[in-house]
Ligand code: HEM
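First comes one chain, alone, set out as structure tokens in the form predicted alone.
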């Protein structure tokens, strides 16, 4: 069993604030399935093919014992149920079917008008020639308002969403505090109230769908629905926010690629895929071995944790070539599949919606402020779970 050096610490937020890709690149070459002793010990899955293998085999590698570093066996207070991302088939498939139609490509296309309106309103609030925080001004509003619309939350209540979503990500990234616990309690209390309203008077939204849904003849309990809502809020908000802010930063750090995109706007859908590959919004999730097994020749014992490092897989040279660290808006994404949205049963429900929101935002941003540029140092999110930007000062020039 090979143990990695002390500079490799995927369970610590500080590791991701440095240059994790230097460690990933070295390990992919020297030891692509290393054992890391921190946080109880875990196998670090760095190669694209290995993450695909683990993700498509929930019988050997379960999600039911936790999907985040340091969270094992899902001991929950007060009988709080697991979320959909902590389930395996067939239970996971039954829950996924309840909401899959709302996130299907055809359904999300119907939300294009709303997304474009939010993008334009957000851009109109920024005065030309001024410096503004791109995260707060652009990356936050679109996903926050869109997921609120799908859930059926009134506009007057949506100002709370960012605080609640941030609290969920902070807790998942190793930053639990009394403040985050209070915010999470407030969020669950809010959804409990809305759920009661929908039971009395259903509407055309996801909460109403969940309130009336049946699995094997039984309705969902209130705690099950509340956890579903909380998961949708965090997943639908944070991932897209980080895609937009991280993608914007990549364009500003690579001005030649930005000019190429401005000259050839048809590349934008492909550029969004490249943003997802290079700026993978979720660092990792975990799986647990259900029995003694093997992966890439390594002997894995029953109950051991595997850390699926998506950001490493998305720069695997065997898939993306020796220039895999390079941001290339024209890179061919027609055959290779990045793992920014996961793989297999747990492929992100909101992948189509996230792509749509990012595509529209960049269409509008490049049309209105093609010469936007960095106006200071970005502040990265301190998290071992999410790859995000907290603040991104930008000079908005036409």
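Positions refer to the first chain, counted from 1. The model shown is predicted, which means the values in this text are computed figures rather than measured ones. Throughout, rigid core stands for the largest set of C-alpha atoms superposing within 1.5 Å between the two forms.
Separately, the form predicted in complex with ligand HEM exists; it is not shown, and the next lines address it.
Interface residue remark: residue 354 is counted as part of the site for ligand HEM in the predicted complex, having a heavy atom within 4.5 Å. With a 4.5 Å cutoff on heavy atoms, residue 312 does not count as touching ligand HEM in the predicted complex; it lies far away. In the predicted complex, residue 361 stays away from ligand HEM, with no heavy atom inside 4.5 Å. Taking the partner from elsewhere, residue 296 is found to have every heavy atom lying beyond 4.5 Å of ligand HEM in the predicted complex. Look at 299-307, 273-281, 259-267, 125-133: in the predicted complex, residues with non-hydrogen atoms within 4.5 angstroms of ligand HEM sit in 273-281. Between ligand HEM and the residues 57, 345, 373, 31, the one pair within 4.5 Å by heavy atoms in the predicted complex involves 345.
Think of it this way: in the predicted complex, ligand HEM has a heavy atom of just one of 151, 118, 226, 235 within 4.5 Å, and the residue is 235. Core-superposed comparison between the shown form and the other one: CA of residue 210 displaced by 2 Å or more.
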